[in-house]
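Below, in structure tokens: the form predicted alone, a single chain.
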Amino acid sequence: MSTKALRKEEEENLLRRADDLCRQNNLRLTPIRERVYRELVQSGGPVGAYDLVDRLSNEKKRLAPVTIYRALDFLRDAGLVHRLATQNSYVISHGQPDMNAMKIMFVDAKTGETVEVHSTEVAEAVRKAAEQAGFKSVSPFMEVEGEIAQ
């Protein structure tokens, strides 16, 4: 199978997962939400909200940024995308970690390329540190900026 065919198959699997997840949780994947998610899937990397406005608008009608932000908020709350604070952009989620694991997104500061890893060891270390700091709960998502080794 060619790389292009594998990429297309991965895209279809992610879109099917989003549809299934929404159905299982009685969430509505509206046409605009699906278009935003599909664009993020096809981009293969982080995309900013205003880039999404540009990509999804046409000559006759420009989408309002608030429309894109609402779709992104829905997709983030559903666990389908992550907001990368270091890049001020959004990237698709490749699934939820096990109950005791934490999702770590490594972001290359130069290229914006991301690598998603799930780790129980990091989750335990963060849980202990949060406990020592007097925090009751911590987000199961961590973003680390750096350089991807060549």
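All values derive from a computational prediction rather than experimental measurement. Start at 1 with the first residue shown and count on from there.
There is another form of the same protein, the form predicted in complex with the DNA; it is not shown, and what comes next is about it.
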item	value
Heavy atom contact within 4.5 Å of the DNA in the model of the complex, the stretch among 37 to 45, 120 to 128, 107 to 115, 64 to 72	64 to 72
Partner contact for Arg33 in the model of the complex: the DNA, 4.5 angstroms, heavy atom	yes
Distance check, Arg83 to the DNA in the model of the complex, heavy atom within 4.5 Å	yes
Partner contact for Asn58 in the model of the complex: the DNA, 4.5 angstroms, heavy atom	no
Non-hydrogen atom contact Ala49 with the DNA in the model of the complex at 4.5 angstroms	yes
Members of 9 to 28 lying within 4.5 angstroms of the DNA, judged by heavy atom, in the model of the complex	Arg28
